[in-house]
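Next up: just one chain, as C-alpha coordinates, the form predicted alone.
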Amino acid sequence: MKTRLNLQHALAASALVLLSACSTTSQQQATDNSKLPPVGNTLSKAAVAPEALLNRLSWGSNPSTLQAMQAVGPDRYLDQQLRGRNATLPAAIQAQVDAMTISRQPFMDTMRDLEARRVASEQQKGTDDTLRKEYQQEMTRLAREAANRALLRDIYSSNQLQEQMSWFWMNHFNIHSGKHNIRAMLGDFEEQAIRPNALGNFRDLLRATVMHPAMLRYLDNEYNAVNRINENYARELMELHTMGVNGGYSQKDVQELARVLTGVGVSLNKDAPRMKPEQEKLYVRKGMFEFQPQRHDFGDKQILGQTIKGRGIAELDDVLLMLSRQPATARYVSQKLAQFFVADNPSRDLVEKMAQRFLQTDGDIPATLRTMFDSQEFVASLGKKFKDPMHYMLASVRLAYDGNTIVNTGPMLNWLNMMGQQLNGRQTPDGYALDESAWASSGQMTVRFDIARSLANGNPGLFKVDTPAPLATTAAAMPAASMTPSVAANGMQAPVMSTPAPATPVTAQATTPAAPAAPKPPPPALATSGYVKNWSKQFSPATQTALSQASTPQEWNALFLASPEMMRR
(Lines give C-alpha, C1' and ligand atoms only; values in the text may rest on other atoms or scores of the structure.)
Protein backbone atom coordinates (compact mmCIF):
# COMPACT_ATOMS: atom_id res chain seq x y z
CA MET A 1 0.00 0.00 0.00
CA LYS A 2 2.83 2.36 0.93
CA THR A 3 4.56 1.71 -2.38
CA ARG A 4 1.33 2.42 -4.22
CA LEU A 5 0.84 5.75 -2.46
CA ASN A 6 4.42 6.78 -3.15
CA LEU A 7 3.87 6.01 -6.80
CA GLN A 8 0.73 8.09 -6.84
CA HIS A 9 2.51 11.04 -5.22
CA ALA A 10 5.29 10.73 -7.76
CA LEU A 11 2.80 10.71 -10.60
CA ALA A 12 1.00 13.72 -9.22
CA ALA A 13 4.31 15.57 -8.92
CA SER A 14 5.17 14.56 -12.47
CA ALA A 15 1.88 15.98 -13.64
CA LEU A 16 2.54 19.27 -11.89
CA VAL A 17 5.95 19.50 -13.54
CA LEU A 18 4.30 18.72 -16.86
CA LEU A 19 1.76 21.47 -16.46
CA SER A 20 4.04 24.06 -14.93
CA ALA A 21 6.30 23.72 -17.94
CA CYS A 22 3.53 25.26 -20.01
CA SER A 23 3.14 28.33 -17.82
CA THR A 24 6.82 29.19 -17.68
CA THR A 25 7.63 28.80 -21.32
CA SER A 26 7.49 32.48 -22.13
CA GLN A 27 10.08 33.16 -19.46
CA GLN A 28 12.31 30.43 -20.85
CA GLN A 29 11.96 31.89 -24.30
CA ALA A 30 13.36 35.18 -23.14
CA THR A 31 16.41 33.66 -21.49
CA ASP A 32 17.22 30.32 -23.13
CA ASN A 33 18.66 31.18 -26.48
CA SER A 34 22.03 29.57 -25.99
CA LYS A 35 21.45 27.21 -28.91
CA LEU A 36 21.66 30.04 -31.40
CA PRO A 37 25.12 30.43 -32.90
CA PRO A 38 26.89 33.81 -32.77
CA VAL A 39 25.78 36.46 -35.21
CA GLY A 40 27.16 35.68 -38.64
CA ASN A 41 27.65 37.71 -41.80
CA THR A 42 25.76 35.65 -44.38
CA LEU A 43 23.24 38.33 -45.28
CA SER A 44 25.75 41.18 -45.27
CA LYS A 45 28.15 39.17 -47.40
CA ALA A 46 25.40 38.35 -49.89
CA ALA A 47 24.45 42.05 -50.12
CA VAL A 48 20.78 41.18 -50.25
CA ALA A 49 18.31 43.90 -51.17
CA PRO A 50 16.91 45.21 -47.86
CA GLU A 51 13.32 45.40 -49.15
CA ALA A 52 13.47 41.79 -50.30
CA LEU A 53 14.91 40.58 -47.01
CA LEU A 54 12.37 42.49 -44.94
CA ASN A 55 9.52 41.16 -47.06
CA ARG A 56 10.58 37.68 -45.95
CA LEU A 57 11.47 38.32 -42.31
CA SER A 58 8.51 40.60 -41.63
CA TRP A 59 4.89 40.91 -42.71
CA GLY A 60 6.00 43.54 -45.20
CA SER A 61 8.81 45.99 -45.79
CA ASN A 62 8.26 49.65 -44.92
CA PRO A 63 10.47 52.63 -44.03
CA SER A 64 10.17 52.11 -40.27
CA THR A 65 11.30 48.50 -40.41
CA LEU A 66 14.09 49.37 -42.85
CA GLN A 67 15.36 51.97 -40.39
CA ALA A 68 15.39 49.39 -37.59
CA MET A 69 17.36 46.94 -39.72
CA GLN A 70 19.83 49.53 -40.99
CA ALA A 71 20.59 50.57 -37.40
CA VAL A 72 22.20 47.19 -36.63
CA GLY A 73 22.76 45.54 -40.00
CA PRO A 74 20.84 42.63 -41.54
CA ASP A 75 22.57 39.78 -39.69
CA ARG A 76 22.23 41.31 -36.23
CA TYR A 77 18.64 42.32 -37.05
CA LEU A 78 17.88 38.69 -37.91
CA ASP A 79 19.51 37.57 -34.67
CA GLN A 80 17.38 40.01 -32.68
CA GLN A 81 14.23 38.80 -34.39
CA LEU A 82 15.11 35.15 -33.73
CA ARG A 83 15.68 35.83 -30.04
CA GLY A 84 12.23 37.36 -29.81
CA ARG A 85 13.12 39.94 -27.19
CA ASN A 86 11.76 43.40 -26.51
CA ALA A 87 8.77 43.22 -28.81
CA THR A 88 6.89 46.48 -28.49
CA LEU A 89 3.82 48.17 -29.92
CA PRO A 90 3.18 51.90 -30.39
CA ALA A 91 1.43 53.30 -27.33
CA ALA A 92 -1.85 53.94 -29.16
CA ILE A 93 -1.94 50.37 -30.47
CA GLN A 94 -1.03 48.92 -27.09
CA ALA A 95 -3.91 50.93 -25.59
CA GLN A 96 -6.31 49.31 -28.06
CA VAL A 97 -5.06 45.85 -27.09
CA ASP A 98 -5.21 46.62 -23.37
CA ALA A 99 -8.84 47.77 -23.64
CA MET A 100 -10.03 44.43 -25.04
CA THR A 101 -12.04 42.06 -22.88
CA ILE A 102 -9.64 39.23 -23.74
CA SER A 103 -6.83 41.33 -22.25
CA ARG A 104 -8.67 42.44 -19.11
CA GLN A 105 -10.82 39.48 -18.06
CA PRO A 106 -9.42 36.12 -16.91
CA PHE A 107 -10.14 33.38 -19.41
CA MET A 108 -11.91 31.14 -16.89
CA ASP A 109 -14.23 33.98 -15.87
CA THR A 110 -15.10 34.57 -19.50
CA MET A 111 -15.84 30.93 -20.18
CA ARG A 112 -17.93 30.48 -17.03
CA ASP A 113 -19.92 33.59 -17.86
CA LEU A 114 -20.57 32.24 -21.35
CA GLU A 115 -21.59 28.86 -19.99
CA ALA A 116 -24.10 30.55 -17.68
CA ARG A 117 -25.50 32.42 -20.68
CA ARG A 118 -25.75 29.20 -22.67
CA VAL A 119 -27.60 27.39 -19.90
CA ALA A 120 -29.99 30.32 -19.50
CA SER A 121 -30.64 30.41 -23.25
CA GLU A 122 -31.37 26.68 -23.27
CA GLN A 123 -33.99 27.21 -20.58
CA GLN A 124 -35.75 29.71 -22.84
CA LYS A 125 -35.42 27.57 -25.93
CA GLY A 126 -38.67 27.42 -27.88
CA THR A 127 -40.18 30.49 -26.24
CA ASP A 128 -37.66 33.33 -26.52
CA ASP A 129 -34.57 33.41 -28.75
CA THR A 130 -33.08 36.59 -27.27
CA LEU A 131 -30.60 34.98 -24.88
CA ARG A 132 -29.37 32.52 -27.49
CA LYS A 133 -28.65 35.37 -29.91
CA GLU A 134 -26.83 37.34 -27.22
CA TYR A 135 -24.77 34.26 -26.35
CA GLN A 136 -23.75 33.80 -29.99
CA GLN A 137 -23.01 37.49 -30.44
CA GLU A 138 -20.77 37.57 -27.38
CA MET A 139 -18.72 34.66 -28.69
CA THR A 140 -18.41 36.40 -32.06
CA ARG A 141 -17.32 39.60 -30.34
CA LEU A 142 -14.58 37.75 -28.46
CA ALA A 143 -13.40 36.12 -31.69
CA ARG A 144 -13.37 39.54 -33.30
CA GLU A 145 -11.19 40.86 -30.49
CA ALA A 146 -8.73 38.01 -30.95
CA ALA A 147 -8.55 38.74 -34.68
CA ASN A 148 -8.11 42.47 -34.07
CA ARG A 149 -5.29 41.87 -31.62
CA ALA A 150 -3.50 39.51 -33.99
CA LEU A 151 -3.73 41.93 -36.93
CA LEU A 152 -2.61 44.95 -34.91
CA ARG A 153 0.43 43.03 -33.72
CA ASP A 154 1.14 41.84 -37.26
CA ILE A 155 1.16 45.41 -38.51
CA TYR A 156 2.90 47.21 -35.67
CA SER A 157 4.99 44.81 -33.56
CA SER A 158 8.72 45.49 -33.53
CA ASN A 159 9.29 41.72 -33.59
CA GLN A 160 7.83 40.82 -36.94
CA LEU A 161 9.33 37.34 -37.06
CA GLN A 162 7.54 36.39 -33.86
CA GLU A 163 4.24 37.53 -35.37
CA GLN A 164 4.85 35.58 -38.57
CA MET A 165 5.74 32.50 -36.55
CA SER A 166 2.62 32.93 -34.42
CA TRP A 167 0.51 32.83 -37.59
CA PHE A 168 2.54 29.88 -38.91
CA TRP A 169 1.94 27.81 -35.75
CA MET A 170 -1.71 28.88 -35.51
CA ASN A 171 -2.03 27.46 -39.02
CA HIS A 172 0.04 24.35 -38.23
CA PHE A 173 -2.07 23.63 -35.12
CA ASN A 174 -5.20 24.84 -36.85
CA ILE A 175 -8.52 25.01 -35.00
CA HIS A 176 -11.73 26.16 -36.64
CA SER A 177 -13.73 28.88 -34.98
CA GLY A 178 -17.11 27.55 -36.09
CA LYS A 179 -17.24 24.55 -33.77
CA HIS A 180 -19.02 24.63 -30.38
CA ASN A 181 -17.78 27.63 -28.35
CA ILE A 182 -14.24 27.70 -29.80
CA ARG A 183 -14.80 31.27 -30.98
CA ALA A 184 -14.47 32.37 -27.37
CA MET A 185 -11.23 30.39 -26.91
CA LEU A 186 -9.26 31.70 -29.89
CA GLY A 187 -7.65 34.60 -28.06
CA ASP A 188 -6.46 32.45 -25.17
CA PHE A 189 -5.23 29.68 -27.49
CA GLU A 190 -3.03 32.14 -29.34
CA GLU A 191 -1.95 34.05 -26.25
CA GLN A 192 -1.14 31.11 -23.96
CA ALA A 193 -0.33 28.17 -26.22
CA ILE A 194 1.04 29.58 -29.48
CA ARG A 195 2.59 33.02 -29.20
CA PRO A 196 4.84 32.48 -26.13
CA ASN A 197 6.29 29.38 -27.80
CA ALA A 198 6.41 30.59 -31.40
CA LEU A 199 10.18 31.14 -31.14
CA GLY A 200 10.80 28.67 -28.36
CA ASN A 201 11.06 24.89 -28.18
CA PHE A 202 8.86 22.69 -30.34
CA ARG A 203 8.08 20.21 -27.55
CA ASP A 204 6.90 23.04 -25.27
CA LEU A 205 4.76 24.35 -28.11
CA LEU A 206 3.32 20.91 -28.79
CA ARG A 207 2.57 20.33 -25.11
CA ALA A 208 0.89 23.71 -24.77
CA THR A 209 -1.46 22.92 -27.66
CA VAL A 210 -2.24 19.46 -26.31
CA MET A 211 -3.28 20.97 -23.02
CA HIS A 212 -5.42 23.78 -24.33
CA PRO A 213 -9.20 23.25 -24.21
CA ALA A 214 -9.65 24.70 -27.70
CA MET A 215 -7.58 21.91 -29.25
CA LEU A 216 -9.10 19.18 -27.09
CA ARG A 217 -12.58 20.36 -28.03
CA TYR A 218 -11.86 20.91 -31.72
CA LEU A 219 -10.46 17.40 -32.18
CA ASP A 220 -12.97 15.69 -29.88
CA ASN A 221 -10.55 14.39 -27.27
CA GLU A 222 -12.90 15.47 -24.48
CA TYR A 223 -14.99 12.46 -25.55
CA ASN A 224 -12.05 10.04 -25.57
CA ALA A 225 -12.34 7.55 -22.68
CA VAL A 226 -11.40 4.00 -21.80
CA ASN A 227 -13.58 1.54 -23.71
CA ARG A 228 -15.00 4.48 -25.72
CA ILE A 229 -11.93 5.39 -27.74
CA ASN A 230 -12.01 8.43 -30.06
CA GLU A 231 -8.93 8.41 -32.31
CA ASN A 232 -9.48 11.80 -33.94
CA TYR A 233 -6.92 13.82 -32.01
CA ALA A 234 -4.37 11.00 -31.81
CA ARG A 235 -4.40 10.69 -35.59
CA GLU A 236 -3.95 14.43 -36.21
CA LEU A 237 -1.29 14.63 -33.52
CA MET A 238 0.84 12.22 -35.54
CA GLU A 239 -0.33 13.07 -39.06
CA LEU A 240 -0.47 16.86 -38.94
CA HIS A 241 1.26 18.09 -35.77
CA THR A 242 4.41 15.94 -35.56
CA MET A 243 5.49 13.11 -37.88
CA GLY A 244 3.54 13.86 -41.05
CA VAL A 245 1.28 11.65 -43.12
CA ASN A 246 4.14 9.42 -44.29
CA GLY A 247 6.03 9.56 -41.02
CA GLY A 248 6.32 5.83 -40.53
CA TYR A 249 3.67 5.20 -37.86
CA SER A 250 0.93 2.61 -38.15
CA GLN A 251 -2.77 2.49 -37.43
CA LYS A 252 -1.90 0.52 -34.31
CA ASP A 253 0.34 3.41 -33.14
CA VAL A 254 -2.60 5.81 -33.58
CA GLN A 255 -4.86 3.54 -31.58
CA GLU A 256 -2.33 3.22 -28.78
CA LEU A 257 -1.77 7.00 -28.70
CA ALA A 258 -5.52 7.44 -28.41
CA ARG A 259 -5.42 5.20 -25.31
CA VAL A 260 -2.72 7.45 -23.82
CA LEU A 261 -5.01 10.43 -24.42
CA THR A 262 -8.00 8.88 -22.66
CA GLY A 263 -9.18 11.03 -19.77
CA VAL A 264 -7.54 14.19 -21.17
CA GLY A 265 -10.38 16.65 -21.56
CA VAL A 266 -12.11 19.89 -20.68
CA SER A 267 -14.03 20.98 -17.60
CA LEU A 268 -15.59 24.22 -16.41
CA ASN A 269 -16.73 22.81 -13.08
CA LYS A 270 -15.32 24.50 -9.99
CA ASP A 271 -15.05 21.22 -8.11
CA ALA A 272 -13.35 17.97 -9.03
CA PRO A 273 -15.66 15.04 -9.77
CA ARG A 274 -16.25 12.42 -7.10
CA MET A 275 -13.91 9.46 -7.37
CA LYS A 276 -12.11 6.85 -5.32
CA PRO A 277 -9.35 8.14 -3.00
CA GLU A 278 -6.57 6.49 -5.01
CA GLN A 279 -7.89 8.19 -8.17
CA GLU A 280 -8.19 11.59 -6.50
CA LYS A 281 -4.40 11.71 -6.20
CA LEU A 282 -4.08 11.24 -9.96
CA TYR A 283 -6.63 13.87 -10.89
CA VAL A 284 -5.09 16.93 -12.59
CA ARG A 285 -6.69 20.27 -13.26
CA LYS A 286 -5.26 23.49 -14.69
CA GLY A 287 -7.72 26.04 -15.91
CA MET A 288 -10.13 24.23 -18.19
CA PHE A 289 -7.65 21.41 -18.81
CA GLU A 290 -8.54 18.25 -16.94
CA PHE A 291 -7.07 14.77 -16.59
CA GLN A 292 -9.82 12.49 -15.31
CA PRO A 293 -8.35 9.15 -14.09
CA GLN A 294 -11.77 7.52 -14.06
CA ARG A 295 -11.83 7.90 -17.85
CA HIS A 296 -8.22 6.83 -18.46
CA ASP A 297 -6.99 3.50 -19.80
CA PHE A 298 -4.26 2.47 -17.31
CA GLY A 299 -3.01 -0.47 -19.35
CA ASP A 300 0.46 -0.45 -20.90
CA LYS A 301 0.73 0.84 -24.48
CA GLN A 302 3.08 0.16 -27.39
CA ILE A 303 3.88 3.19 -29.55
CA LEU A 304 6.59 3.29 -32.25
CA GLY A 305 8.09 0.15 -30.75
CA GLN A 306 8.36 1.55 -27.24
CA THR A 307 6.40 0.54 -24.16
CA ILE A 308 4.54 3.28 -22.32
CA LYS A 309 3.78 2.11 -18.81
CA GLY A 310 0.19 2.84 -17.85
CA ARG A 311 0.34 5.30 -14.97
CA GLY A 312 -1.82 8.35 -15.80
CA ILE A 313 -0.99 11.79 -17.11
CA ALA A 314 2.77 11.13 -17.05
CA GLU A 315 2.25 8.84 -20.06
CA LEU A 316 1.40 11.89 -22.11
CA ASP A 317 4.69 13.60 -21.35
CA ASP A 318 6.56 10.46 -22.37
CA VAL A 319 4.73 10.34 -25.68
CA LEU A 320 5.16 14.04 -26.46
CA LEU A 321 8.89 13.72 -25.78
CA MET A 322 9.05 10.67 -28.06
CA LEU A 323 7.10 12.35 -30.88
CA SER A 324 9.06 15.60 -30.73
CA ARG A 325 12.36 13.68 -31.02
CA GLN A 326 11.38 11.59 -34.03
CA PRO A 327 13.47 12.23 -37.17
CA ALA A 328 10.20 12.21 -39.09
CA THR A 329 8.94 15.10 -36.94
CA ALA A 330 12.15 17.04 -37.53
CA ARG A 331 11.83 16.60 -41.29
CA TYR A 332 8.11 17.34 -41.39
CA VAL A 333 8.39 20.55 -39.35
CA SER A 334 11.50 21.65 -41.27
CA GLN A 335 9.76 21.00 -44.59
CA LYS A 336 6.83 23.20 -43.61
CA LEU A 337 9.07 25.97 -42.29
CA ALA A 338 11.12 25.95 -45.50
CA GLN A 339 7.95 25.95 -47.58
CA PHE A 340 6.69 28.98 -45.66
CA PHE A 341 9.95 30.95 -45.75
CA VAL A 342 11.89 29.75 -48.81
CA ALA A 343 10.02 28.00 -51.62
CA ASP A 344 7.04 25.81 -52.43
CA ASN A 345 9.43 22.92 -53.02
CA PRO A 346 12.57 23.47 -50.93
CA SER A 347 15.52 21.21 -51.66
CA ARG A 348 15.97 17.96 -49.76
CA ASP A 349 19.43 19.16 -48.76
CA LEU A 350 18.07 22.26 -47.04
CA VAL A 351 15.29 20.36 -45.27
CA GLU A 352 17.74 17.70 -44.10
CA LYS A 353 20.15 20.32 -42.70
CA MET A 354 17.29 21.97 -40.85
CA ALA A 355 16.05 18.63 -39.56
CA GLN A 356 19.49 17.73 -38.27
CA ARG A 357 19.69 21.05 -36.45
CA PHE A 358 16.20 20.47 -35.04
CA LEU A 359 17.34 17.10 -33.63
CA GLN A 360 20.70 18.40 -32.38
CA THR A 361 19.00 21.19 -30.42
CA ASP A 362 16.10 19.05 -29.20
CA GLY A 363 13.53 21.03 -31.16
CA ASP A 364 14.89 24.55 -30.79
CA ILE A 365 12.86 26.60 -33.28
CA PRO A 366 15.19 29.64 -33.62
CA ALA A 367 18.21 27.40 -34.19
CA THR A 368 16.33 25.50 -36.91
CA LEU A 369 15.26 28.76 -38.52
CA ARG A 370 18.79 30.10 -38.34
CA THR A 371 20.07 27.16 -40.38
CA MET A 372 17.49 28.01 -43.00
CA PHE A 373 18.13 31.77 -43.02
CA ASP A 374 21.89 31.22 -43.30
CA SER A 375 21.51 29.05 -46.39
CA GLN A 376 22.29 30.21 -49.92
CA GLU A 377 18.94 28.73 -50.94
CA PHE A 378 17.17 31.24 -48.72
CA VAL A 379 19.19 34.16 -50.10
CA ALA A 380 18.55 33.04 -53.67
CA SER A 381 14.81 32.74 -53.04
CA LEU A 382 14.23 36.35 -51.92
CA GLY A 383 11.53 38.07 -53.96
CA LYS A 384 10.28 34.85 -55.54
CA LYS A 385 7.81 33.40 -53.01
CA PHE A 386 4.18 34.11 -53.92
CA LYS A 387 2.30 35.91 -51.18
CA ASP A 388 -0.72 34.23 -49.66
CA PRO A 389 -3.65 36.58 -48.92
CA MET A 390 -2.41 37.32 -45.40
CA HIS A 391 1.03 38.37 -46.62
CA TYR A 392 -0.37 40.44 -49.48
CA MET A 393 -2.87 42.33 -47.35
CA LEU A 394 -0.53 43.01 -44.44
CA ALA A 395 2.38 44.02 -46.67
CA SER A 396 0.16 46.50 -48.51
CA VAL A 397 -1.29 48.01 -45.33
CA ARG A 398 2.09 48.19 -43.60
CA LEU A 399 3.57 50.03 -46.58
CA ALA A 400 0.63 52.31 -47.30
CA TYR A 401 0.01 53.45 -43.73
CA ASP A 402 3.40 53.22 -42.06
CA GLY A 403 3.35 55.70 -39.18
CA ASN A 404 -0.45 55.94 -38.95
CA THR A 405 -2.64 54.44 -36.23
CA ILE A 406 -5.31 52.09 -37.52
CA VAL A 407 -8.34 51.95 -35.24
CA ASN A 408 -10.57 49.60 -37.21
CA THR A 409 -9.33 46.31 -38.63
CA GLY A 410 -12.77 45.53 -40.07
CA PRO A 411 -11.76 46.22 -43.69
CA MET A 412 -8.78 43.90 -43.35
CA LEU A 413 -10.94 41.10 -41.96
CA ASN A 414 -13.30 41.53 -44.88
CA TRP A 415 -10.44 41.45 -47.37
CA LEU A 416 -9.12 38.23 -45.88
CA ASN A 417 -12.59 36.74 -46.09
CA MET A 418 -12.93 37.78 -49.74
CA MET A 419 -9.56 36.19 -50.53
CA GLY A 420 -10.53 32.94 -48.78
CA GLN A 421 -8.08 33.05 -45.87
CA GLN A 422 -10.09 34.36 -42.94
CA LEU A 423 -8.48 33.99 -39.55
CA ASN A 424 -9.28 30.59 -38.00
CA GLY A 425 -11.64 29.97 -40.89
CA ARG A 426 -10.06 26.79 -42.18
CA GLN A 427 -12.47 24.01 -41.26
CA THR A 428 -10.13 21.05 -41.56
CA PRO A 429 -7.21 20.59 -39.14
CA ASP A 430 -4.55 20.71 -41.86
CA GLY A 431 -4.51 24.52 -42.03
CA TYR A 432 -4.30 26.71 -45.12
CA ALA A 433 -2.03 25.68 -47.99
CA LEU A 434 1.37 27.34 -48.15
CA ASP A 435 2.06 27.03 -51.87
CA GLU A 436 1.38 29.32 -54.82
CA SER A 437 -1.10 27.04 -56.59
CA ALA A 438 -3.60 27.52 -53.76
CA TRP A 439 -3.78 31.29 -54.23
CA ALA A 440 -2.63 32.39 -57.69
CA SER A 441 -6.01 32.40 -59.44
CA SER A 442 -7.61 35.06 -61.63
CA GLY A 443 -10.36 35.59 -59.04
CA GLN A 444 -7.74 36.14 -56.35
CA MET A 445 -5.96 38.71 -58.50
CA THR A 446 -9.21 40.61 -59.08
CA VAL A 447 -9.75 40.98 -55.35
CA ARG A 448 -6.15 42.06 -54.83
CA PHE A 449 -6.51 44.77 -57.48
CA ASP A 450 -9.62 46.02 -55.68
CA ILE A 451 -7.72 46.11 -52.39
CA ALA A 452 -4.87 47.99 -54.07
CA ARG A 453 -7.30 50.60 -55.44
CA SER A 454 -8.99 50.98 -52.07
CA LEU A 455 -5.69 51.54 -50.27
CA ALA A 456 -4.35 53.80 -53.02
CA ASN A 457 -7.25 56.19 -52.59
CA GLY A 458 -7.03 56.21 -48.79
CA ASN A 459 -9.27 53.64 -47.14
CA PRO A 460 -11.36 55.51 -44.58
CA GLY A 461 -12.62 52.34 -42.94
CA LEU A 462 -9.27 51.66 -41.30
CA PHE A 463 -9.49 54.94 -39.42
CA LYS A 464 -13.21 55.01 -38.67
CA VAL A 465 -14.42 53.99 -35.24
CA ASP A 466 -17.72 52.21 -35.59
CA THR A 467 -19.51 49.08 -34.53
CA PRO A 468 -17.40 46.26 -35.90
CA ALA A 469 -18.94 43.70 -38.16
CA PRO A 470 -18.59 40.20 -36.78
CA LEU A 471 -16.23 37.68 -38.19
CA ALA A 472 -17.58 35.51 -40.93
CA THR A 473 -17.11 32.50 -38.69
CA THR A 474 -20.62 31.99 -37.41
CA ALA A 475 -21.51 29.45 -40.00
CA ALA A 476 -22.76 26.16 -38.74
CA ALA A 477 -20.07 24.24 -36.99
CA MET A 478 -18.47 21.48 -38.95
CA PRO A 479 -19.76 18.14 -37.67
CA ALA A 480 -17.09 16.34 -35.73
CA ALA A 481 -17.58 13.24 -37.83
CA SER A 482 -16.71 15.16 -40.96
CA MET A 483 -13.29 16.15 -39.67
CA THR A 484 -11.82 12.82 -40.55
CA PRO A 485 -8.19 12.13 -41.21
CA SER A 486 -9.01 11.36 -44.81
CA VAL A 487 -10.33 14.87 -45.28
CA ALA A 488 -7.17 16.31 -43.81
CA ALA A 489 -4.98 14.03 -45.83
CA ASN A 490 -6.71 15.03 -49.03
CA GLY A 491 -5.96 18.66 -48.20
CA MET A 492 -9.49 19.86 -48.91
CA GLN A 493 -9.03 23.51 -49.74
CA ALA A 494 -11.36 26.35 -48.92
CA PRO A 495 -12.57 28.17 -51.99
CA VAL A 496 -10.19 30.83 -53.13
CA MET A 497 -13.05 33.25 -53.49
CA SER A 498 -15.79 33.28 -50.92
CA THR A 499 -18.73 35.50 -50.26
CA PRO A 500 -18.51 37.65 -47.13
CA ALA A 501 -20.91 36.51 -44.47
CA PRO A 502 -23.79 38.87 -43.79
CA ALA A 503 -23.22 41.13 -40.84
CA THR A 504 -25.24 40.44 -37.74
CA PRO A 505 -25.89 43.04 -35.08
CA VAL A 506 -23.59 43.35 -32.10
CA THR A 507 -25.13 44.79 -28.97
CA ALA A 508 -23.75 48.04 -27.64
CA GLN A 509 -22.79 46.31 -24.41
CA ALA A 510 -20.89 43.72 -26.38
CA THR A 511 -18.86 46.14 -28.44
CA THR A 512 -15.15 46.43 -27.76
CA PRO A 513 -14.26 49.75 -26.10
CA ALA A 514 -13.17 51.83 -29.04
CA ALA A 515 -9.96 53.78 -29.21
CA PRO A 516 -10.25 57.53 -29.68
CA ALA A 517 -11.00 58.43 -33.25
CA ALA A 518 -7.83 59.25 -35.13
CA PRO A 519 -7.73 61.94 -37.79
CA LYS A 520 -8.13 60.40 -41.18
CA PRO A 521 -4.73 60.48 -42.85
CA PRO A 522 -4.37 61.57 -46.44
CA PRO A 523 -4.06 58.93 -49.17
CA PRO A 524 -0.76 57.04 -49.03
CA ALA A 525 2.12 59.05 -50.41
CA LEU A 526 3.72 56.11 -52.16
CA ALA A 527 4.19 58.03 -55.39
CA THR A 528 6.37 60.62 -53.67
CA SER A 529 8.07 58.38 -51.11
CA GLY A 530 11.81 58.16 -51.69
CA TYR A 531 11.80 54.69 -50.16
CA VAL A 532 9.10 53.40 -52.50
CA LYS A 533 10.47 55.17 -55.58
CA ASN A 534 13.89 53.66 -54.96
CA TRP A 535 12.34 50.24 -54.42
CA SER A 536 10.39 50.50 -57.68
CA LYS A 537 13.67 50.80 -59.59
CA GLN A 538 14.17 47.08 -58.90
CA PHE A 539 10.89 46.24 -60.62
CA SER A 540 10.64 44.89 -64.17
CA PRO A 541 10.81 47.28 -67.16
CA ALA A 542 7.14 46.55 -67.89
CA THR A 543 6.08 47.57 -64.36
CA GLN A 544 8.24 50.68 -64.47
CA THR A 545 6.69 51.65 -67.79
CA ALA A 546 3.21 51.23 -66.37
CA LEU A 547 4.09 53.33 -63.33
CA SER A 548 5.53 56.08 -65.53
CA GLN A 549 2.20 56.34 -67.37
CA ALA A 550 0.11 56.89 -64.22
CA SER A 551 -1.86 60.11 -64.51
CA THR A 552 -2.42 60.71 -60.78
CA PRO A 553 -0.61 59.84 -57.54
CA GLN A 554 -3.55 57.60 -56.60
CA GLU A 555 -3.23 55.72 -59.88
CA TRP A 556 0.51 55.34 -59.29
CA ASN A 557 -0.24 53.97 -55.80
CA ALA A 558 -2.72 51.46 -57.17
CA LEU A 559 -0.39 50.29 -59.94
CA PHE A 560 2.45 49.86 -57.47
CA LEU A 561 0.37 47.90 -54.93
CA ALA A 562 -1.11 45.72 -57.68
CA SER A 563 2.19 45.13 -59.48
CA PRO A 564 3.53 41.58 -60.02
CA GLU A 565 6.47 42.41 -57.75
CA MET A 566 4.11 43.22 -54.85
CA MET A 567 2.54 39.77 -55.22
CA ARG A 568 5.83 38.19 -54.17
CA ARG A 569 8.04 38.40 -51.16
Partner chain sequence: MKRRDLLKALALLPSTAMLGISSQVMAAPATQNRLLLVFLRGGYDASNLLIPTSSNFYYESRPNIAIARPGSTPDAALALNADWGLHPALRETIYPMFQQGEAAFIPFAGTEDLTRSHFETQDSIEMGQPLNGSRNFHSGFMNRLAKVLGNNGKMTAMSFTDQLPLAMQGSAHIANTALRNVSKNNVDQRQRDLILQMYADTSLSQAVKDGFAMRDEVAREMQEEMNSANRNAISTKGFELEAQRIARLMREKYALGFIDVGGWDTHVNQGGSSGTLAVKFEELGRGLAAYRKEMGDSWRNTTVVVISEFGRTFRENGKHGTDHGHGSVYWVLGGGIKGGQVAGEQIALEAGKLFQNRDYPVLNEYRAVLGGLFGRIYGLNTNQLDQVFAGVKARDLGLA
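Residue numbers count along the first chain shown, from 1. This is a predicted model, so every value here is computed, not measured.
From this point on, the text means the form predicted in complex with the partner chain, which you will not see here.
Taking the partner chain as it sits in the predicted complex, is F173 in contact with it (heavy atom to heavy atom, 4.5 Å or less)?
Taking the distances in the predicted complex, the answer for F173 is no, it never comes within 4.5 Å of the partner chain.
Look up in the predicted complex whether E145 has a non-hydrogen atom within 4.5 angstroms of the partner chain, and give yes or no.
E145: no, not in contact with the partner chain in the predicted complex.
If we define contact as a non-hydrogen atom of the residue within 4.5 angstroms of the partner, is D188 a contact of the partner chain in the predicted complex?
So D188 does not count as contacting the partner chain.
With the cut-off set at 4.5 Å between non-hydrogen atoms, does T42 touch the partner chain in the predicted complex?
Because no heavy atom of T42 falls inside 4.5 Å of the partner chain in the predicted complex, the answer is no.
Taking the partner chain in the predicted complex, would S166, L350 and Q376 all count as contacting it (heavy atom within 4.5 Å)?
No residue of the spot touches the partner chain in the predicted complex.
Within 4.5 angstroms, counting heavy atoms, which one of the listed stretches 71 to 79, 304 to 312, 226 to 234, 198 to 206 is next to the partner chain in the predicted complex?
Of the options given, it is 226 to 234.
To verify the annotation, which of these, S441, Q360, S267, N404, has a non-hydrogen atom within 4.5 Å of the partner chain in the predicted complex?
Selected residue: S441.
Sort through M445, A343, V97, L89 and report the residue having a heavy atom within 4.5 Å of the partner chain in the predicted complex.
In short, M445.
Could you pull out the residues of 540 to 560 that have any heavy atom within 4.5 Å of the partner chain in the predicted complex?
Contacts from 540 to 560: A542, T543, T545, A546, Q549, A550, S551, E555, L559.
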